[in-house]
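Given next, in structure tokens, is a single chain: the form predicted on its own.
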């Protein structure tokens, strides 16, 4: 987290210097104002997403999650993660905090991988808009071509990164809190 904040801070400073160099204080101020307006625009969604995430953390029974999606659930957990990713509404402001809640509850990393990849590729809520914009046949071909990827990504994590669940940030924090 500290490394990410350091890199983001460097990016902000570098881009601010570049904006100031190219257009002076006017361009720098325009960029800062665009960022502030974007923040104000997404703030309600962020508050709602983190509220959902926090409520999921207190409402989900960790034992139940472990029974269905915890370590060692393999293909069953990966498949459930992929299905959940396709039906849960909302964008990244919703599903990443939700993923963190699932990780804290003990969901295995391979299931979370299938969940996130499925949300990106199979989001059922986007299909009507996709059909309206690019047409039925291209949308269905895109859906069929990407169909195996969430489960494949989850299985690859399951087979090649079996200890990844313990390295995920919410799980690390929870283990640090216990100590």
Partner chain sequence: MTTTILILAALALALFIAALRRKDGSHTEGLASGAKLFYSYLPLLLLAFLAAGLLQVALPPELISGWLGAEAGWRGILIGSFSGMLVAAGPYVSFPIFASIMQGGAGIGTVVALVTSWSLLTFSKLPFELAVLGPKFTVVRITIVILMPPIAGFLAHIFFAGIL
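Quick caveat: nothing in here was measured; it's all calculated off a predicted structure. Numbering follows the first chain given and starts at 1.
In what follows, reference is made to the form predicted in complex with the partner chain, a form of this protein that is not presented.
With a 4.5 Å heavy atom cut-off, would you call residue 74 a contact of the partner chain in the model of the complex?
Looking in the model of the complex, residue contacts with the partner chain do not include residue 74, since no heavy atom lies within 4.5 Å.
Does residue 153 reach the partner chain in the model of the complex, with heavy atoms at most 4.5 Å apart?
Judged by the heavy-atom cut-off of 4.5 Å, residue 153 is in contact with the partner chain in the model of the complex.
Under a 4.5 Å heavy atom criterion, is residue 121 part of the interface with the partner chain in the model of the complex?
Flag for residue 121 set to yes.
With heavy atoms only and a cut-off of 4.5 Å, decide whether residue 25 touches the partner chain in the model of the complex.
Residue-level check for residue 25: no, no contact with the partner chain.
Along 84-99, which positions have a non-hydrogen atom within 4.5 Å of the partner chain in the model of the complex?
Going through 84-99 in order - heavy atoms within 4.5 Å of the partner chain in the model of the complex - the hits are 89, 90, 92, 93, 94, 95, 96, 97, 99.
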